[in-house]
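Starting off, we have a lone chain in the form predicted on its own, written out as structure tokens.
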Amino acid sequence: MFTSVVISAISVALFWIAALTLWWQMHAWRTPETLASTRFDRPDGGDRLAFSLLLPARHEQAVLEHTIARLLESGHTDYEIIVIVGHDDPETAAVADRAAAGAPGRVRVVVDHNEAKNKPKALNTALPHCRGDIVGVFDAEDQVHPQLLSHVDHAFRATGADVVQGGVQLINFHSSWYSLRNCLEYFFWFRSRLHLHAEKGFIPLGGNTVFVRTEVLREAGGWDQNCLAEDCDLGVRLSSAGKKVVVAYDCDMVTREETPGSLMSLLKQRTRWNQGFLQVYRKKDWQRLPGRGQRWLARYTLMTPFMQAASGVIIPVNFAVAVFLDVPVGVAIITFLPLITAMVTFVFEIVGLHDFGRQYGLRVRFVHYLKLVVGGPFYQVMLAGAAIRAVWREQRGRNEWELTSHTGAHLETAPSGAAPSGAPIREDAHR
């Protein structure tokens, strides 16, 4: 009897957790009005804010030059690029210095002398050097749209926002089976889920294509240099302080990135993010959110690594117990409840992959849908493994920054079978 009750309770809990997560994931797809509200408004033609764009780079000599060149194509009239390099990274520093010499007054180099390097320390090193009204953050491999700053400028002035979070999209979906799922994760997060968080008044910010008023950032004390998810931490602190965060997404304006180059690299990246979420949870800044619903959403979001780690262990154990132990038929049926949400999620992901291909002019073939479905369980195992590793590292006090290397896979030409650049099959063109 006791075993049946425990199995039933776990199965029902897993069902509701998965159903709730799916509902939030579908936020932008629920109504046309919601979908329309997620886009940037057209700029009014006036560039009135000055931008300081921070570009932390560590061992990024392979992609940094291309990224700076792309930023220099910006149509905005008032911005500076501050490249942050480590004192022990001469290869990246050489690229940054060459760019600064080629664009004096527009590109500056700041050297991070901290012995232990990480992204928030680099950002805090550069913050006192910022001259602009707005501080923007990009990663060293980012491909930024030339008109993005003009759109963000208008968004700040039109909404009175303290923070504007733009879209980020991994684009090399064809590189491997896991890159396809990784790209889709970004699509759902920036296209949909993040808008729900902004609407509810609690948002874990992204690590790049995020813009904050300089005075607001300085009042907040910059980034937490000991946090492995400094972006999430900043979002929680600004949300708790009542700052207005606006999220805007437009497939024309998203910053394009690449997926980690190997499954191990992805595992380490996801471990870092999960561990950072746990650190933010333990700091308890989220408890200062004014609304009970906001605090509940924050607790749920920040506890996601714990739930992933637990589900990675519980689901197979629960299923095995139901199959091999003598339990009533009704209890055995209840254990299949999580399977219902899993099937619905698969259908939604297939629709999402179709939309992703249309919006980015990429020809998604049958084999990609097949990889999406077949790779799903293996990807969940990887996520659960990363969550378990994050909990293990946090308990052991292992907080060193595991750097994700970049190779420029998102800069490659379209794969065989992809629609040519600019092919008119997008349905979400800027309006």
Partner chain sequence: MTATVPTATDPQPADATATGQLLPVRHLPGSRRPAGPDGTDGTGAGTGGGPGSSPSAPARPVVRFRSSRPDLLLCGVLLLVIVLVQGWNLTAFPALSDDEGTYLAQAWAVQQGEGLAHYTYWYDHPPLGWIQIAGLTWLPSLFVPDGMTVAPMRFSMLAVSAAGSVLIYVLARRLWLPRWAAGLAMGLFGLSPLSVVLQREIFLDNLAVVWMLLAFCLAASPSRHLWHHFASGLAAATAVLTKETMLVVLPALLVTMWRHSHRDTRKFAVTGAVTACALIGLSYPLYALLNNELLPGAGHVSLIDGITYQMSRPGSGFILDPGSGSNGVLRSWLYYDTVLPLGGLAGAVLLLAAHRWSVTARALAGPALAAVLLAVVAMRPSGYLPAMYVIQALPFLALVLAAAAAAVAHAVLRRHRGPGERRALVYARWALAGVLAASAAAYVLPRWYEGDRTALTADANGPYRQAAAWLGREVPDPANTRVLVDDALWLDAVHSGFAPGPGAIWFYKADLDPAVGKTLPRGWRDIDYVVSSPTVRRDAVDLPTVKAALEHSTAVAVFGTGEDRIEIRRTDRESGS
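Please read these numbers as outputs of a predicted model, since none were measured by experiment. Numbering follows the first chain given and starts at 1.
Same protein, other form: the form predicted together with the partner chain, not shown, and the subject of what follows.
S.K.: Counting any heavy atom within 4.5 Å as contact, can you tell me which stretch out of 53-61, 391-399, 370-378, 40-48 lines the partner chain in the predicted complex?
M.R.: Comparing against the partner chain in the predicted complex, the contact stretch is 40-48.
S.K.: Using a 4.5 Å heavy atom cut-off, which residue among I333, M303, A116, A101 comes into contact with the partner chain in the predicted complex?
M.R.: Here the answer is residue option I333.
S.K.: Within 4.5 Å of the partner chain in the predicted complex, heavy atoms considered, which of A94, V317, V347, A241?
M.R.: Contact check passes for V347.
S.K.: Candidate spot L22, M26 and T159, all three in 4.5 Å heavy atom range of the partner chain in the predicted complex?
M.R.: Checked in the predicted complex: all three residues contact the partner chain.
S.K.: Just checking whether A69 would be counted as a contact of the partner chain in the predicted complex - the rule being heavy atoms within 4.5 angstroms.
M.R.: Contact with the partner chain, no.
S.K.: E199 near the partner chain in the predicted complex, any heavy atom under 4.5 Å?
M.R.: Residue-level check for E199: yes, a contact with the partner chain.
S.K.: R358 near the partner chain in the predicted complex, any heavy atom under 4.5 Å?
M.R.: Yes.
S.K.: Taking heavy atoms only, is L35 within 4.5 angstroms of the partner chain in the predicted complex?
M.R.: Output for L35 is yes: heavy atoms within 4.5 Å of the partner chain.
S.K.: Counting only non-hydrogen atoms and a 4.5 Å cut-off, give the residues of 246-262 close to the partner chain in the predicted complex.
M.R.: Heavy-atom contacts within 4.5 Å come from V246, V247, A248.
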